[in-house]
Structures are given as C-alpha cells and as structure tokens.
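The data below hold one chain only, encoded as structure tokens and taken in the form predicted alone.
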C-alpha cells in the first residue's frame, strides 16, 4: 500500500474545553461550556416520561429490523403535528393549503444535512444566507453538502442587540432562489430571538425576493414554553410558499446520545409533497441509509399517549422554569448583565475578549467557550454569585 498524507484536522475547541474541565481538580469549578441541559444537581437526567416509554418499548418491541429509509413514519407524523398544529388542534397543514413531507434523521445535525442536500437538489446554484454569529457547525455542515453560503452580521455582542436593519439590507441583495437560515427559537449562541413583527417583515422580504427559509428548530420548549417557542416557525410556514425545517429532540426530550431528529418541508401541492417525500429517502440512502430507531420510538410512544405526553410537558415546563430562574438570578446579581434576563433558551454570548475568557478559566475555574458563549443551564443557583464575581474580577461590569 502506498503512503498517503492527510491534513491535520483543526482541533475542536469545545472538545478541548471538555477535557480541560474534567482534568480540573478545583472543587468550585463551573461548566458553562457544554451545550446540554442540567438540573439543580448539575446532572443531565433521563426524563421520567422517557424512562416509562423505554420500559414499554423494552416490553413490547418484537424486532430490530429496519424500518425504512425515512425511519419511523408515525414518529414523523406525531412530531409534525406537535410542531405545526395550532394549540388544541391536530388539523393537518393541508387544511390551510400547505402539504408536509418529513423523514426521521440522526439528530438535528442529520436533519440539517438532509435539508442541505435537498436544497442543493432543488436549487443547485443557490446560496444559503447565514446570519452570524451562529452555531459553529452550521457552516461546515451545510457546506459539506455542497451548499454555497454567504454570511452577514446579525447581532452585536458589545450592545447585545439584533442588527435587524443590517439583516434586511443584506438579504435584499440575495438572488431569487437563495435560502435563508433562521433559528426557530432560543438562538444559539446569542439567546436573542427575532420578534413576531420582525419575523413577519422577514417573511414579506423572503416572499418578495423569492427566497426559501431554512429553519433550524433545536430548542423549542426551553425558551418561553413550547407553544410560544413554535410561534415563529408556524408563522414562517404559513406565510412562505416553501419552508425547510430541521427539528431536534435532543434538548427538549433529553435524548442527546440517541440522535433523534426529523427534517420537514412544506409545499403547496400534494404531488410535490409526495415527490419530496421519496427524495428524502434517496438522500438518506446515500448518507446513512437508515436512521437509528430507539430514540424516535421513545418519542413516538410519548407523543401517542396522552398521559405520557402531559408528563413530558410538565417536565419540560420545569426545565424552562429553571433556565428562566437562572437568567433572572444572574441579572439580579450583576446589573450589567440585565440583558441576560431578556434573552431566551440556554445560551447567551457575553461581550468578553479572549484574555478575559482565559482568565475566567485559568484563574476562576469558570469554563466557557472562547467566543464568550455561556450555557445558562450549566450554572447552579448557588454558583451565580461566584460566576458574577469572577466576571467582575476579569474586568467585565456591563455592556461597553
């Protein structure tokens, strides 16, 4: 075999942060880096509704055979109803002249990859517009599918404000057929979501320009509550002719390692919906063939049983209440962080420089991402004072 050379891959800063945190022997260390939900004990628990559903699955499942390229169709249907149906209604989108196609995927990342592949097939020469800052894997993931991307400034870290006028100006230069990546709720990494009025303005702009929204829906239920968090996605779906949605069950069901997600697209007629449904399977076959079953089957059991569903919703309410309480506690402890209480979800992006971040980690055992992103849920209420004091020690006392 002849020799070969590979370029050394760039190290993942988050994985490095995880390793450094684990190796740190300081008892007072705080982990605000890893983006997983944690409870009051600092654990990422298996939800009670999940445990019950898994017990049922263990008792009733009779085969581990493949389900098909698009996975568990009942899971996809139930998750679609949860996301797109109005509260108290299971009325299908077709009632409003929208037709839904969907497929189970390996997590939200798998959904984004399938969505990117589909977008490339629909519009091969189009560009996906991405507001920055954004989740670090958005660009590598979409570009790996062959998508051309164009970034624009969408948030000012120093003032903690959404740059909506700049967003409109940038997207006004997009070409017909281009796509726009939109965070469905609980923006990662900023925690700053567009208002309903801004979403409506954005929908009008996308319709006028012939742009397709691509919604990343990863944290619904952890911002203001499930129904409120889905409002923007539902508005986009209703206002725009076609919408791609990548949905994840990692955060709101706590199924991180089980990789549970789904990709959806809304269209205007049944024939196009059927064709797209088949194409989802075509894409899946070329990437991973069949999605994993266990996590999706667990979610299916929860969403199909009213008792389990209500138990899950109650647990989700507990999670969002904890995140809100932490945001309010941080804002109360440090007035210069009052913006934290107005943001949503698990993340905020603090206006810190690299020297301040290094000092927080090395001198104060407060671990966070290099760009200043913090996972609010990684903090305990009794650590809030320590965290805020550490920020003051490194010279942060409020917005610049």
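This one's a predicted model, so the numbers in the text were calculated from it and none came from an experiment. Positions refer to the first chain, counted from 1. Here, rigid core means the biggest group of C-alpha atoms that superpose within 1.5 Å across both forms.
What comes next is about the form predicted together with (2S)-2-hydroxybutanedioic acid (LMR), which is not displayed.
S.K.: To test your reading of this chain, name the stretch in 62-70, 360-368, 329-337, 32-40 whose heavy atoms come within 4.5 Å of (2S)-2-hydroxybutanedioic acid (LMR) in the predicted bound form.
M.R.: Flagged stretch: 32-40.
S.K.: With (2S)-2-hydroxybutanedioic acid (LMR) left out of view, which of 84, 129, 135, 99 would have a heavy atom within 4.5 Å of it in the predicted bound form?
M.R.: Result of the distance check: 135.
S.K.: So which of 75, 264, 280, 219 gets a non-hydrogen atom within 4.5 Å of (2S)-2-hydroxybutanedioic acid (LMR) in the predicted bound form?
M.R.: Of the listed residues, the single hit is 219.
S.K.: Check for me: heavy atom within 4.5 Å of (2S)-2-hydroxybutanedioic acid (LMR) in the predicted bound form, for each of 113, 147 and 242, yes or no.
M.R.: Verified in the predicted bound form; spot residues all out of contact, no.
S.K.: Find out whether any non-hydrogen atom of residue 188 is located within 4.5 angstroms of (2S)-2-hydroxybutanedioic acid (LMR) in the predicted bound form, and reply yes or no.
M.R.: Yes, contact at 4.5 Å.
S.K.: Answer with yes or no whether residue 251 is in contact with (2S)-2-hydroxybutanedioic acid (LMR) in the predicted bound form, where contact means some heavy atom within 4.5 Å.
M.R.: Residue 251 belongs to the contact set for (2S)-2-hydroxybutanedioic acid (LMR).
S.K.: Heavy atoms within 4.5 Å of (2S)-2-hydroxybutanedioic acid (LMR) in the predicted bound form is the criterion; list the residues of 301-320 that meet it.
M.R.: Sequence-ordered list is empty.
S.K.: Does residue 381 move its CA by 2 angstroms or more between this form and the one not shown when the core is aligned?
M.R.: The answer is no; the displacement is under 2 Å.
S.K.: Core-aligned, is the CA shift for residue 17 between this form and the one not shown 2 angstroms or more?
M.R.: Yes: residue 17 shifts by at least 2 Å between this form and the one not shown.
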